[in-house]
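The chain below stands alone and is given as structure tokens, in the form predicted alone.
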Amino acid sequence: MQEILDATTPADWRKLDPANTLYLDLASGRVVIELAPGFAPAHVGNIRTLAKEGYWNGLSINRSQDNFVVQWGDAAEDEKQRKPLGSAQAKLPAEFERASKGVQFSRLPDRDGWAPQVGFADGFPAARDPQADKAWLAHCYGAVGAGRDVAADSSNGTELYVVTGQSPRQLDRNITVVGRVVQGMEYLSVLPRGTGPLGFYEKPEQRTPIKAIRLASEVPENDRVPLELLRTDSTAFTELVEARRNRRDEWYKRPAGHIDLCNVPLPVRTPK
């Protein structure tokens, strides 16, 4: 795979859009999140507003469930004690899926147990059902979703989670996926597991404070993280998938001839 990446050209890579990039700053380091307005426009719009107005600054990561997710937001259980939303919307529509028509979809060659077709859309692991004209983002490692209550439309983007365990694809089309982590997963995956139900921390001192969550577009340019992502609609990416799908290096004695959507690498680099 490295040989393929070494042979790429600048046209094979794309830069993160600062208006659709979140920086989650912790004492341990920065987590970079790419937002997905093409699949969750209402949620992404609300998240932009929340970030611009500093909603998460001073809040905390309140949950770390083993082999599942970490989650952050307002830890106050009493609604009256919760942080005001400012200009953000208190209620949003569920954005579990969208029409597949018009989505540039790079399909994988193998079958999937969760969807008729899987591949990549706008650089995100995705799935689609052409007969139903539906497409949706998949809950792969690093996916960022909007936590909700029982009602489908009970999320507003204030409670966000990141998948840190084996891909829980049963959540696909049940929760709004708003983006994915492109750098900094190591700061989330190592967090101590919560001792309460569903991995919530039972004591305030167990929580990880959030220094700030900001849009990259609101951060001075010299403080931004310059990253490029391999285009998933490029020939180089197709070659990379096949190299991972059918390993031909000497160590592998039996090439799999198959790859799972959530095992496809999504290369990120710092431009030279």
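Please read all numbers here as calculations on a predicted model, not as lab measurements. Note that residue numbering begins at 1 and tracks the sequence as displayed.
One more form of this protein should be noted, the form predicted together with a further copy of the same chain, which is absent from this view; the next part is about it.
Look at 98-106, 120-128, 171-179, 75-83: in the predicted bound form, residues with non-hydrogen atoms within 4.5 angstroms of a further copy of the same chain sit in 171-179. Contact between residue 71 and a further copy of the same chain in the predicted bound form is not found at the 4.5 Å heavy atom cutoff. In the predicted bound form, a further copy of the same chain lies farther than 4.5 Å from every heavy atom of residue 87. Although the partner is absent here, residue 158 is not a contact residue: none of its heavy atoms lies within 4.5 angstroms of a further copy of the same chain in the predicted bound form. Within 4.5 Å of some heavy atom of a further copy of the same chain in the predicted bound form lies at least one heavy atom of residue 186.
Contact here is defined as any heavy atom lying within 4.5 Å of a further copy of the same chain in the predicted bound form, and by that definition not a single one of 46, 51 and 205 is a contact residue. Contacts between 180-201 and a further copy of the same chain, taken as any heavy atom within 4.5 Å in the predicted bound form, involve 185, 186, 189, 190, 191, 192, 193.
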